[in-house]
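Consider the single chain below, provided in structure tokens and representing the form predicted on its own.
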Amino acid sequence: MISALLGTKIGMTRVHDAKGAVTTVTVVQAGPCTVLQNRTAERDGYDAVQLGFGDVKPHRSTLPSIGHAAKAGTGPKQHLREVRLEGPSDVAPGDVVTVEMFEDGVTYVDVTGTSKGHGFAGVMARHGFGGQQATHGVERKHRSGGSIGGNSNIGTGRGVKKGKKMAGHWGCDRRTQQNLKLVGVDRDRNLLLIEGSVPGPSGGLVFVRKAKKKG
């Protein structure tokens, strides 16, 4: 059974339960996704399905993508993702998968997305450094990271250690938030209400699947 969907992060809001308690949630428009291809253990060595999300105009796609989607009886898709299965698939190419799968006892989900890009950032913004003293004796160095090549770790030799926190590119990385509580499912509008925040900006692509460690 497929337990994952591609979707778009809409934004954040809050919901109230029966007792009036407020819960901050992220709204994700998950699917509908079209099954483009099935992978089988006999032919490919593993069981999986390939999902397509987001229609794209044929003149903005490529001929291989158009032909691949035509085998499933649909048009080219903007995003493709393969989902591994534990056994043979119960869907066929051309079938449409919606958020209804998350209504059957799914309480927690894992959400994968690309975090917001912040460009080149210093150590105070990127890693939360406190900076140096902004008093007498410290010129224009109060936001720098300080010494990086000191032999602070005995027995490791000189030079900058691997993994040293320094200034550099911040964000735009693939991130997965695990064990997020699924608060609600709106079948009519293909919406998932997920407690907490998920990676990426509003309008970004996300991959929602049933939690692997919890639920």
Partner chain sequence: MGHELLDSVEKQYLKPQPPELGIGDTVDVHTRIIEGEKERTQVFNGVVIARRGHGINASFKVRRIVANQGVERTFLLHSPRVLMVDVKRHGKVRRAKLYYLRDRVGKARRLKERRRVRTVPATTAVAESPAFEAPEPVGAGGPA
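Residue numbers count along the first chain shown, from 1. Quantities reported herein were computed from a predicted structural model and do not represent experimental measurements.
The protein also exists as the form predicted in complex with its partner chain; that form is not presented, and the subsequent description refers to it.
- Partner contacts here mean any heavy atom within 4.5 Å of its partner chain in the model of the complex, and among 62 to 70, 25 to 33, 166 to 174, 38 to 46 they occur only in 25 to 33.
- Not displayed here, its partner chain is approached by G11 to within 4.5 Å at the level of heavy atoms in the model of the complex.
- Contact annotation for K57: none of its heavy atoms lies within 4.5 Å of its partner chain in the model of the complex.
- With a 4.5 Å cutoff on heavy atoms, R189 counts as touching its partner chain in the model of the complex.
- Contact check for L193: a heavy atom falls within 4.5 Å of its partner chain in the model of the complex.
- Using a 4.5 Å cut-off on any heavy atom, the residues of 1 to 22 that reach its partner chain in the model of the complex are, in sequence order, I10, G11, M12, T13, R14, V15, H16, D17, A18, K19, G20, A21, V22.
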